[in-house]
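So this first bit is one chain, no partners, the form predicted on its own, shown in structure tokens.
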Amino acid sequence: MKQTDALKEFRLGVCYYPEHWPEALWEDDFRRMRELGLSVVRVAEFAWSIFEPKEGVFSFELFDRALELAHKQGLKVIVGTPTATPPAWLTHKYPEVLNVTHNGVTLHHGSRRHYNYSSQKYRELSAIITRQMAEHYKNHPAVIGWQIDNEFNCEISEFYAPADHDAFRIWLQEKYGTLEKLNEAWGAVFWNQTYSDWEQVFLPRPTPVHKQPNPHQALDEKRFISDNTISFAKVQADILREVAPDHWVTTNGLFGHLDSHRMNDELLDFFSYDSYPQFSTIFYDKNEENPLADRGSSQTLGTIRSISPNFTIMEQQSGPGGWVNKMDMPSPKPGQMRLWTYQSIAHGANMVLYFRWRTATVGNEIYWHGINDYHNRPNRRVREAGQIGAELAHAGSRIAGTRYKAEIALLSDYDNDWDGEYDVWHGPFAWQSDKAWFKALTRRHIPSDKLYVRSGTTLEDLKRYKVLVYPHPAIMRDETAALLEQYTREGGIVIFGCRTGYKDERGHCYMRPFPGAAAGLCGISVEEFTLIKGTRAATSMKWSGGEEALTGADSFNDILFVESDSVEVVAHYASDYYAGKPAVTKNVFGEGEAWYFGAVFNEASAGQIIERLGLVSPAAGWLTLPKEVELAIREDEAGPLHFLLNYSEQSAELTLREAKTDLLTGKTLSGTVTLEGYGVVVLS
């Protein structure tokens, strides 16, 4: 039974590492946290050698003293199980717990996340430290919950230790039963890869072309890693449920090769995420048109919300960030820390903890700055945290009972995510199209959700939305197609992009006309197709009806053929040998519509479909906003809360045609209102 009540009260907090600081600082640190309006701290996720300095020898004195002082100041505590960083005594004595790279290089002690999930010895030792900590803190008055490990599959999400090959073999035996079925699923007849004994089967290993395994084997590898990670986490979750049933359980993520939805469903009370909007400066693409920058974190938060409608931000960026040798991020400008905090809250966070209280003076993260600098004197970030704390002391209780509201969802699924890592004929397109749609929607102030299509997805899950955008689901089961058909038949609108529906769940191509499983719904077939690459110049689409528009037909072109009288051609290709051929179609299917877009989406083409569907902001009747301001809506029975977030350093003018109250200040706003640079208002 999930402890959903844990997030009914809003909490603001911070990550704290008492083992890093002189004990003389602890009480003053906790006192100042309370003065800033913070009420919860996370501790211990990297402290295994503090709790177990030698194998079988346990010590809780340091954290007992720290937690006593935290409790004295009225702070609640989240305890992390410390399995992300095994101690030196452990990896030295039991080297079989270490991870190994694809090329066979053992990853040694000296950083973090250097273990493998398959080692039975590591699972045994992880269970022991988890049980010892749970028994010790199960009745502590300050402790409210647990974080399992830290950032599963961060840094590295592939595992090739001997124990991993053994575990993969067992996983395959359970999945397929016989070698005949494995060979069929992997298409092993191709290039004479057929296996005649289970001992011949391994995880992908180096081949003559670097990391070019059998693609079906590579897809199963990702599924195995996910199942194996969840299995490892379950060891700890089961112990915590047994020993400390009054505490909630979470973990922080969103990293590769992990079905976080399944992990949340089976193991956690709610999901947690680490939000660093300034990562946009690290992965900045100078060629990107209209970049979202830190606003792009809202798109990722939509994925987190699909896992857990309300969630925790276990690490919220509070300063410039970077390790000694990488990930150098500039300092947030005045107001940005507050903006990012409310960005997380607007998208569903009911608990936000800043990373970290004070910047570390040693180690790889001496430049991953916290609220306080090394000198511990007041600074701008401390003052900003205090402003946020004061606002949420007043507004948090009104926010906590609400959930994000959207009528449009962007669809994804793990099969295509994982298959697309290797398959360049569809994988690179998904992020491009998702971003294009998110840009087009958010700049029109239309909130959107992310929804993962899974085996348990129901018609009711889909019917929460008027429009579903499923950009490039190359893998589509017939069951998924049937579900989408029923959704459309009952009045929904579904929009596909190129490379839809031509593979089954094994990654085999259907021997059917493209778009395979989706062909009946779309009422078209793909006459021909081509990558737009090399000597094949980019073309464009000419949209029909009303004012003629021309948009790019990016990256890949499906040339469409109309198969049904119910299909309307909405756009044609404008050039190349397929000029005049259908590029975008709309099929009336029951009470709804199925659109097929024959390329990779860009912001302009997504905008064309949005306008032709007549989609507008849910606040359009009373609110006018510039593009720089994001609109997010959370609501409950008491009504909606409209979060307005200005991602520009410049002030923005808003026009309110109805009087509204700003929840954060209590002021009544109407008419023309100026929202300062990086400013936030929450209208009720």
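Just so it is clear, the structure is predicted and the values come from calculations on it, not from any experiment. The numbering used is simple: start at 1 and walk along the sequence shown.
The form predicted in complex with a small molecule is left out here; the points below concern that form.
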| query | finding |
| --- | --- |
| Contact stretch among 400 to 408, 508 to 516, 274 to 282, 559 to 567 - heavy atom within 4.5 Å of the small molecule in the model of the complex | 274 to 282 |
| Contact test, all of 306, 429 and 452, partner the small molecule in the model of the complex, heavy atom 4.5 Å | no |
| is_contact(residue 248, the small molecule) in the model of the complex, heavy atom dist at most 4.5 Å | no |
| Residue contact check: residue 323 to the small molecule in the model of the complex, 4.5 Å heavy atom | yes |
| Any non-hydrogen atom of residue 365 within 4.5 angstroms of the small molecule in the model of the complex | yes |
| Residue 422 within 4.5 Å of the small molecule in the model of the complex, heavy atoms | no |
| 488, 116, 252, 226 - the one with a heavy atom within 4.5 Å of the small molecule in the model of the complex | 252 |
| The unique member of 543, 168, 502, 355 whose heavy atoms fall within 4.5 Å of the small molecule in the model of the complex | 355 |
